[in-house]
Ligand code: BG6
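A single chain, nothing else alongside it, follows as structure tokens in the form predicted alone.
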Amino acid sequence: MSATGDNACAEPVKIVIFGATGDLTKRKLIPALMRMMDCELIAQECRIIGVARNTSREEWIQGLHAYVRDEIRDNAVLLQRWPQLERMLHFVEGDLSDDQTYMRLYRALDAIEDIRNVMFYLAIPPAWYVSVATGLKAVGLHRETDGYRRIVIEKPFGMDIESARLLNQQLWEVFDESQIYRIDHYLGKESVQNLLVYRFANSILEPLWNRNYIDHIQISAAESIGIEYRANYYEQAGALKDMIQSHLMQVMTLVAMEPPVEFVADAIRDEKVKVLRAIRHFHPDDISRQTVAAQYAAGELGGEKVPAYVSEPGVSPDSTTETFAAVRFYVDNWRWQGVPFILWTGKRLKKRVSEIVIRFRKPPFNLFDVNAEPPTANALVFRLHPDEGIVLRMNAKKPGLTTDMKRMVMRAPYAEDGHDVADAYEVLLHDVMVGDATLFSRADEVEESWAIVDPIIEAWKARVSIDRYRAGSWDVPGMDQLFEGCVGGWHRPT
């Protein structure tokens, strides 16, 4: 999402991937780079240097090729890009705790003399972030003497406010804030980026975008899958940290922010931070009324039986980790005072869908048949996944000699052809290359979001049991109470 509107090919760059043999590299980064090549968003002179231990360049390339061949076998055009990508691939073997690994990396980069820019992508567990940054500093690879040096860090960025602050401080000892790109793939989705255009390029919305017309806002990310292979991470994180603190609160800031003074990264991020600073902080008494935590029990999805969370491999049978979380936020400013923002997410729900639902206030007076069903509240739905686009729900008269009403639904798909929608990692990798930080979290954004959810985290630590919902259903205890007073109640995606 280039703030300058420039979607041209970026300057040549040496892309160093730490964790080159990991799942993220194989499933996301390499396919994204291939699609960028196909769209001419990456220069042919670029080089990709993988860093990993206990393997060789040949074994690494064979593993990548096998995955690419199996996963995109239906895309013959993209498969033709593999030989071009293979020529870009280099490899440095070594342990991240070994100083010699960074010296070997220095020599490998130095040997590629005709490219000045370097991107470091940390596709590794968070425990290694500081070690890698320190190793790069030891050999001088952090210095911007002949081109840029940018480091890309995956979530989670800390696990609470204290660890996030410490990580920021440790990274600042090596890199300037302008060199740090805290990536959130959720913001790379085309439909999320389009929120800013929907809001600020259409005069029809802005007059209604406030507490005078909007009753409440729901932002959701429902998943039908379980935790898959992520038990070790998920047992530490849970749904609140995994989705709400990072992804959904970021989306919330885009929905609630004021128009920036100009369309540049820091102006946009300044407005996002203002939203976070205006969010009402939680007192202990608020948490039981304004939050919901639950865990999936055994159930059925797609005609198949699925196990309970506590029966998943690697999960303790006594676990109280939440796989569903919901929080009712309030933004205390002139535009949004009193309007609930309810963010919710869950695993093993009935379907996979992400939406932003704007529910408007009901008409102040029913002009029509007082004995008929009153008009339903209007709603504007931004569908983020799947079937990206907008849905507007309004009231209309039923045909015939009646004043009875029916709901009319108008749909505006974002893209008729799914191939027109870029993958999130394509967008974000390109933004790093061109130096556009709009979709990346600044340090103060990260710390503000942790400060908001930390009281919830602390309160939930004390629980000895947790409510459960049946996998494959929307039967989550406490959700109807959470939406008390909200027009239309909880919107279960259809």
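The first residue of the sequence shown is number 1, and the count goes up from there. The structure presented is a predicted model; accordingly, all values stated were derived computationally and were not measured.
Heads up, the form predicted in complex with 6-O-phosphono-beta-D-glucopyranose isn't pictured, but that's what we're talking about next.
- Only one segment in the set 313-321, 292-300, 239-247, 392-400 has residues whose heavy atoms sit within 4.5 Å of 6-O-phosphono-beta-D-glucopyranose in the model of the complex; it is 239-247.
- By the 4.5 Å heavy atom rule, the three marked residues K272, H281 and Y330 all fail to count as contacting 6-O-phosphono-beta-D-glucopyranose in the model of the complex.
- In the model of the complex, 6-O-phosphono-beta-D-glucopyranose stays beyond 4.5 Å of every heavy atom belonging to W209.
- Using a 4.5 angstroms threshold between heavy atoms, E223 counts as touching 6-O-phosphono-beta-D-glucopyranose in the model of the complex.
- Using a 4.5 Å cutoff between non-hydrogen atoms, K155 counts as a contact of 6-O-phosphono-beta-D-glucopyranose in the model of the complex.
- Within this chain, K189 lines the site of 6-O-phosphono-beta-D-glucopyranose in the model of the complex, having a heavy atom no more than 4.5 Å away.
- Checking R352, R199, K406, R81 against 6-O-phosphono-beta-D-glucopyranose in the model of the complex, a heavy atom within 4.5 Å turns up for just one residue: R352.
- Contact annotation: of the candidates R383, H216, H142, K347, the single residue with a non-hydrogen atom within 4.5 angstroms of 6-O-phosphono-beta-D-glucopyranose in the model of the complex is K347.
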